[in-house]
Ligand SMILES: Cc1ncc(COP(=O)(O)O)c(C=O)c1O
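Here we start with a single chain on its own, the form predicted on its own, put down as structure tokens.
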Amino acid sequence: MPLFAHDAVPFAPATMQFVRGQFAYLERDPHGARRLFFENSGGSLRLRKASERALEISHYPDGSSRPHKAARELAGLQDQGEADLRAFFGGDASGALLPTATASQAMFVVIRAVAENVSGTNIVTTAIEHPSSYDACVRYAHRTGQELRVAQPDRTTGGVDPSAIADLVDSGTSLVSVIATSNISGTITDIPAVIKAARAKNPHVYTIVDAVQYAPHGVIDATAWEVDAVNIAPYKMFGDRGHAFTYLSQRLAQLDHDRVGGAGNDTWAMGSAAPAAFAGFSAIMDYLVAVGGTRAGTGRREGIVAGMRAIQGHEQALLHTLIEGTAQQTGLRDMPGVHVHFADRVASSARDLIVPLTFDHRSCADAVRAYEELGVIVYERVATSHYSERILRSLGLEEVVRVSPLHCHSLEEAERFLTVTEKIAQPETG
């Protein structure tokens, strides 16, 4: 995974034009007001075709398990969606898929299955996990009488070093649960290094990765990572809310879990499928392949990876512009009254397109309201929120303004954001 200042390759003009044309409400909000939506870590700007395709299929009254023509069509859409999910995850064909309403729900389901069925004396996680995984580890460690061990982050990088996680692993560790990208600091965890170091201490340990924040920005490779479970939420990656997907390794899929009688041991889906959700996901994958610009006949996985690599390169260029500025506009690093966290001049860790800020002359809440008045949407993360308290304080912070653009934004929009920020950073007068 590249450092943020490396592999920064902005889209070619034609690609940028294509990308911007695919998203709804990119330049104006639903009421017609001009704005920059730099709050994509709370969701994401939506691909029109993903929402339109999902809506089209959701109008079908048919059930995909029936034998008639329309039902067979729906079953085919689900099959294609499942194939696309495996291609996106880079998952082995022997693994299973768990569809749920939310990614948070999936974390509780999967962590429970490991905690209740894998013998051990402790569970290892980190202080920067999303509450869905951290609280699930707390809950099921307590229920199964296991010790919860929590790796602390490096306050310079904003991430957790693989060695800090591995130091907590021993022969009694049943599970290691780790986030792929911090949704506050933006620091990417070196997942292959974590799993390698953990399995050097305990070859049988199960590993679960929360990739919800990482998925829109980087390539997931469940097979190469040798991970046992990894989840995504399409609403964070240009799709709709209301569904999420988790890939499970063959050995985790075989663990005892809730299922309908008569279903196979590795069946995790419960109830009727939602073909519209699968069709919407396939539309997202079509988009990634188009962004990658691969030739006809290229395999689906290869096309998806090419698209994600192109997105990653453009987003690194956006990140570099925000941090370092342009010839016309001072960057966040050197802007008076602004503090950009976890972005040293010599980057020591890979970073996604998240920039946490604080201000000398404003609280983060005040800054967020000032941004909105100037046509920019960002979000404050504060220690008074359960979703943020543990993470922020482990990083030595009480609040940040989280800035999270998306690859559909241009370098010019990044510069516009810097101009707005410079105004907000000035001391208030009067």
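The structure displayed is predicted, hence computed values, not measured ones. When you see a residue number, it is the position in the sequence shown, counting from 1.
As for the form predicted together with this ligand, it is not shown, yet the points below apply to it.
Ile284, Ala198, Ala233, Ile188 - the one with a heavy atom within 4.5 Å of this ligand in the model of the complex: It is Ala233.
Sole residue of His130, Arg112, His341, Arg149 within 4.5 Å of this ligand in the model of the complex, by heavy atom: Answer to the contact question: His130.
This ligand contact at Ser104 in the model of the complex, heavy atom, 4.5 Å: Yes, Ser104 lies within 4.5 Å of this ligand in the model of the complex.
4.5 Å heavy atom contact, Leu353 and this ligand in the model of the complex: Contact with this ligand, no.
Close approach of Ala166 to this ligand in the model of the complex, 4.5 Å, heavy atom: Looking in the model of the complex, residue contacts with this ligand do not include Ala166, since no heavy atom lies within 4.5 Å.
Contact flag, Ile220 vs this ligand in the model of the complex, heavy atom cut 4.5 Å: Ile220 lies outside the contact set for this ligand.
Location of this ligand contact in the model of the complex, chosen stretch of 247-255, 272-280, 150-158, 176-184 [non-hydrogen atom, 4.5 Å]: Of the options, only 176-184 has residues within 4.5 Å of the partner.
Residues within stretch 175-214 having a non-hydrogen atom within 4.5 Å of this ligand in the model of the complex: Residues within 4.5 Å: Ile179, Asn183, Asp210, Val212, Gln213.
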